[in-house]
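This document opens with one chain alone, in structure tokens, the form predicted on its own.
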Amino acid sequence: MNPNEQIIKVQTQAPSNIAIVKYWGKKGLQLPANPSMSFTLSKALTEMEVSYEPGQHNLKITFLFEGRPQPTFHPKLYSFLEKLQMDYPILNTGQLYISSKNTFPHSSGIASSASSMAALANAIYEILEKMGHVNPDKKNTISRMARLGSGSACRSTSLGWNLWGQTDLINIASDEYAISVNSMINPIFESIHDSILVIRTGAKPVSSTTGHQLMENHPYKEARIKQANENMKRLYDALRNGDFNDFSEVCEEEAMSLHALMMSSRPGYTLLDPSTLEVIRRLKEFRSEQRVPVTFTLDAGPNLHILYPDSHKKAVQLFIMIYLRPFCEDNQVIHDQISFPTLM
């Protein structure tokens, strides 16, 4: 195909994901310091339209978010495309038009960088495919491309449970891309629910990029890598055996360890809110008194992800509505669940 023949247009989407064992710390070119595992969400999506117009001039990017130009995103997009150009020099030239929107609110505790970079990687791959650049290892290639834009995005290119990072547990696991582990998941975790409590919105005072950089010389760096690998083994066993108690212990240890690492960085910082801690206290009290299988996790922010099996959906959501929702900014609670392939 002659690259000057026509404008290539594609439409794509990708889900956000929530990590149970966290990715925190990098090495090399966007490679993880430790393995991580997450599941994708069913309602929290980035939807994207991308057009590529071949040309002879240096690549130019036009980016719209929810219909409005967003030039502040351009540096990250150009950085992403520069990394891809090493393998696909055709992307050095031409014009790329990107129009993106999310099905979830901004600053809600849902990882938009994961879903947006995964959606863009899908689109770029499809454009390259239409131009004759076919790669037989499509699934892993798209995940690898997404990783170059945002590490956690590589876990948003396949539905369900995904593992990223080398581990002795699975010999095909890789630092380069994420792999699906759906075939080993117990049915209880095929329909897991995630209710996101939006405790506080707004930009984080310290970005995740900076947080990863601070891990390079963190006093507990090696201990964190060891902990993550141990928790990966515990999570792997819990997901296979359907053990919600062990799953819950890993969720909460990983969530609180993530924020402990932030607070013990040099310089240290905190992204938690007093309301976050009060909600956690009430949730644990509810779990103990009612013997309901429910747990929580956190990303790099104050907003809480409450996780529970489908069999206890009614009880947990009623508790959230009455006792936890008042702690949320503007009473925002987003009820979502895993986008496991058999549920779609």
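In case it trips you up, residue 1 is the first one in the sequence shown, and so on. Just so it is clear, the model here is predicted, and its values are computed rather than measured.
From this point on, the text means the form predicted in complex with a small molecule, which you will not see here.
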(message) Looking at 208, 248, 229, 93 here, can you tell me which has any non-hydrogen atom within 4.5 angstroms of the small molecule in the predicted bound form?
(response) 208
(request) Let me know the one among 122, 100, 150, 195 whose heavy atoms come within 4.5 Å of the small molecule in the predicted bound form, would you? (result) 150
(message) For the interface check, one of 44-52, 62-70, 294-302, 307-315 should have non-hydrogen atoms within 4.5 Å of the small molecule in the predicted bound form; which one?
(response) 294-302
(request) Indicate whether the small molecule has at least one heavy atom within 4.5 Å of a heavy atom of residue 30 in the predicted bound form. (result) yes
(message) With a cut-off of 4.5 Å between heavy atoms, is residue 201 one of the residues that contacts the small molecule in the predicted bound form?
(response) no
(request) Although the small molecule is absent from this view, report whether residue 320 comes within 4.5 Å of it in the predicted bound form, heavy atoms only. (result) no
(request) Check whether residue 182 has any heavy atom within 4.5 Å of a heavy atom of the small molecule in the predicted bound form, and answer yes or no. (result) no
